[in-house]
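Let's start with one chain on its own, the form predicted alone, as structure tokens.
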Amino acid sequence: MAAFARNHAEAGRRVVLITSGGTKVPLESRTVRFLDNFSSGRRGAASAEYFIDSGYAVIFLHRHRSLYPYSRMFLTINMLDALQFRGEEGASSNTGEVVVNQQVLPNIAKVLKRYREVKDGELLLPIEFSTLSEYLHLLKAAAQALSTIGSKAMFYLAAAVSDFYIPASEMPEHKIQSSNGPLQLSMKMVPKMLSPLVKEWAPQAFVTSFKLETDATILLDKARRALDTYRHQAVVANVLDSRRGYVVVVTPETQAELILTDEDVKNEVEIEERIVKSIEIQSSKNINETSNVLS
């Protein structure tokens, strides 16, 4: 991650770390059961594409088997239905060729071409995590790696991170037995990583966090409170039921509503494109203000 960040910074690019997907919280050391959340990684995967289109290099810190940039749009398609085998009758089953049915995979040629450009340009560095502890470890390592490029670094913390966990010292080693009766859990609060990230690990970076609620009446107050507490640059606030068509980007000085109209939805516009554009504008403004202060 450090080499990736350094190489792109030297080439004049900004580098964004995107966290994506949910976190798995084990209930046993030899894990059979775990707590999870609804996150598929859709927002992080889509945002990665739009950041790359805007000239960024992306470190994509994502949950294992969550949605992935470029392949995300084909998630609901059975890939075997999209492939056709062409071979001569009577030939060995291992001879012939496999071709893609582009009616089953619409736009696959365009997507594949763009993915190859991104891969050949080494613009996307994927890093996988599965459990909460892996995520926390990798986030700290990524922050320390990106701190070397100062204000050219951005953090876009879209992962749905658990607020609760069971410490390893309190976790049973083996599978919890249902024969013992109803399960009662006592869980600790997950340490807040945003504070050391902003203050210690990458103090010059532009940091965007995400706040999701099910109660719209408390959303903006909680977003403002997060900015006051952690002193980072932006919060993307959204409500569960409307998150794909409406968000509010909150900064210490501004509050911007981003809304998809019915026409936008018809034209397959994604809210992530507008989120990324808004954050990019705020980041550029922040860099210019910092430069003016230093000069």
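Residues carry their position along the shown sequence, with the first being 1. Being a predicted model, the structure only gives us computed values, none of them experimental.
The same protein has a further form, the form predicted together with another copy of the chain, not shown here; the description that follows concerns it.
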_Stretch in contact, per heavy atom within 4.5 angstroms of another copy of the chain in the predicted complex, of 146-154, 200-208, 170-178, 133-141_ = 170-178
*Residue (of S242, T229, T31, Q255) lying close to another copy of the chain in the predicted complex, criterion heavy atoms within 4.5 Å*: T31
_Each of L35, V111 and I218 within 4.5 Å of another copy of the chain in the predicted complex, by any heavy atom, yes or no?_
yes
*Might E97 be said to contact another copy of the chain in the predicted complex, defining contact as any heavy atom within 4.5 Å?*
yes
*asked:* Can you tell me whether E122 touches another copy of the chain? I mean in the predicted complex, with a 4.5 angstroms heavy atom cut-off.
replied: no
*asked:* At 4.5 Å between heavy atoms, is I127 in contact with another copy of the chain in the predicted complex?
replied: no
*Proximity of Q103 to another copy of the chain in the predicted complex, heavy atoms at 4.5 Å*: no
_Residues within 4.5 Å of another copy of the chain in the predicted complex, restricted to 70-87 and counted by heavy atom_ = Y70, S71, F74, L75, N78, M79, L80, D81, L83, Q84, F85, R86
